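Encoded as structure tokens, the following chain is the form predicted alone, with no partner shown.
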Amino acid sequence: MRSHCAARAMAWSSPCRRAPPLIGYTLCPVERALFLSGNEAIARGAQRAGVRFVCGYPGTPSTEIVETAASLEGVHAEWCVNEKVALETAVGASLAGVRSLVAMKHVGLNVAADPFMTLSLTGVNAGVVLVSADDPGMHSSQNEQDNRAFAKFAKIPMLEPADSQEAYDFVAEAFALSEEFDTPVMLRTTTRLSHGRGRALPRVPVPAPELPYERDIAKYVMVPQNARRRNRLVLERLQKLRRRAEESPLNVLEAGTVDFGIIASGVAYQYAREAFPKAWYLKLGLSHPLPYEKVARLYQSVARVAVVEELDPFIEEQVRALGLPVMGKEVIPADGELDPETVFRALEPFLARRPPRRRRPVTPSAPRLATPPEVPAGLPVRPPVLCPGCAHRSVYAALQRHSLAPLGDIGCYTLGALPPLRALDSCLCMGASIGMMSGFNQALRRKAAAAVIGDSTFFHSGVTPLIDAVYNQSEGLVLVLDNRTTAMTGHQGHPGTGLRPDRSQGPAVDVQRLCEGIGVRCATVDATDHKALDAAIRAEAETPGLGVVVALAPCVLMVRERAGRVVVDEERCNRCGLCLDVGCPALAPGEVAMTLTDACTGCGLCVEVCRRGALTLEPAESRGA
């Protein structure tokens, strides 16, 4: 059984296209109709869609989504320390193969914008849906920003339900879009929908697909060379989504009996429908990207068109960009909530005017993509690598001995994701590794992932997800690679060093004491002591619960004295290449044996991995250094 909206959409779909079916719109045979708020409907719709992980930060008008989800069978719900951590945690659960929904009020998306924007590039494994609950009129908010702009900003699809039934139904549609197009999906609501109650018919459950975690560094690690490729895919995806918007039964062209049409989405559609019941309507359920062809068909059917929307002229500006005359914010208030009377008073004079001369719509073409620069033939390839002698290579070597998915972060250690190390599986944004680890492990209910983060990034935005992991009793291993500086940007200070911009020394925050202060067991190990580091990581990986290992070693570029020099025994060396796997640029294969350049600092990691005893560390003292 199809909904009334779906039936109308099928009737008005283009004869050369067939609208994709809606997801599981068969009614439950036994259950009676429910009377739900929009927030309750979203939570129940998530359960119906096979969502097993729901999280968020409390904020009106979104709060009841997580509260309702917590009471539903088969759904794990968490309050997170903030919206950024909530989204990162949901992404971690998605990587583990679990459909995840994250809910926040409109200003919360400002906090979550860092992972949100890059998540558009990485895409998802299992579906991720972000509910943004806007608050026109600022009933309980410090502003009334229109978060529809975020969907356009991130180039992702956005759904806008108009009542409780659609709030319930659209969740399954959102997850289907998320997984089909490899993208997060925004479900945008407003206060009236969130808190208003309406009738909702239960549908049959939608089974979630089984999507086990698969390692894909090129997809999930957003270093520049990977991000450039993913960005082109995002632009191509947007064009595919635009075609889907034309076909989608969520976008409904409803015939009227007067020569007047209205374009609207969400609750604004309800206000307009009540004010002008005889008008033609283009009701947008999938409101971004805008279906240009359906807009053109509305203009072919009526003499006048208005856009009814709360807050910003989001739809109106796109219609005007098509070269079409439209009435909008000239008469519709740009602030506060709308209601049927406000809409009627604003548009009634418009109906009495002489109809404007029709224009042919100008459909925007697909964006032109830049031609990648050609690399002149013969130039050597110079991939970015960790510095020679970087002591934190040993962390990757130790971590690879354990079956934990290594989730990374922003910093020079991100280079550990590149060949030959290939030691990190993700890089989303500053501080995301710990939240993603928490969600990954919560989804699988075991210690299956570890987080790798630097000291400066830890203070930037790693402390909050660690507090969140404590609060939600997450399993996990966090590795803080402490090189005593903000290395990649030029050795600036941070709270862990106490160094200020004028090079004066202030108080420093100790990572281990901070961790212990929030209830996390923590051990600090010298990163140059390879055996001790390996033992600490092994012990924490095998111990239930949450733990932190701080691998301490100053940045090699800040240490002026060399520890020594590695010497090669040419008779023992068979050029097996095992030492090259540590990724040190001071090592290179020679004609007879491995060779070392003057860049060698004597860290000794290559000596540790050589199984033939062909490499030995000669102390600096014995060389008269």
Partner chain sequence: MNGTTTVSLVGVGGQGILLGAAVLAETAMAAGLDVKASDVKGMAQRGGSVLSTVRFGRHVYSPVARHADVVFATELLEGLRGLDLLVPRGTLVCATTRILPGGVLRGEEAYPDELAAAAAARGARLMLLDAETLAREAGNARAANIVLLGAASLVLPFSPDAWDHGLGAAVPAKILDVNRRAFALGRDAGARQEVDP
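Just so it is clear, the structure is predicted and the values come from calculations on it, not from any experiment. Each form is matched to the other, and the largest set of C-alpha atoms that superpose within 1.5 Å is called the rigid core. Positions refer to the first chain, counted from 1.
Separately, the form predicted together with its partner chain exists; it is not shown, and the next lines address it.
- Listed residues 74, 383, 349, 501 were compared with its partner chain in the predicted bound form; 383 is the one with a heavy atom within 4.5 Å.
- Contact annotation: of the candidates 112, 533, 80, 487, the single residue with a non-hydrogen atom within 4.5 angstroms of its partner chain in the predicted bound form is 487.
- At a distance threshold of 4.5 angstroms between non-hydrogen atoms, residue 415 is in contact with its partner chain in the predicted bound form.
- Mapping the unseen interface onto this chain, residue 218 falls outside it, with no heavy atom inside 4.5 Å of its partner chain in the predicted bound form.
- Taking the partner from the other structure, its partner chain in the predicted bound form has no heavy atom within 4.5 Å of any heavy atom of residue 58.
- Using a 4.5 angstroms threshold between heavy atoms, residue 557 counts as touching its partner chain in the predicted bound form.
- With the partner omitted here, the stretch from 580 to 588, 34 to 42, 62 to 70, 565 to 573 that lies within 4.5 Å of its partner chain by heavy atoms in the predicted bound form is 580 to 588.
- Core-superposed comparison between the shown form and the other one: the Cα of residue 379 travels 2 Å or more.
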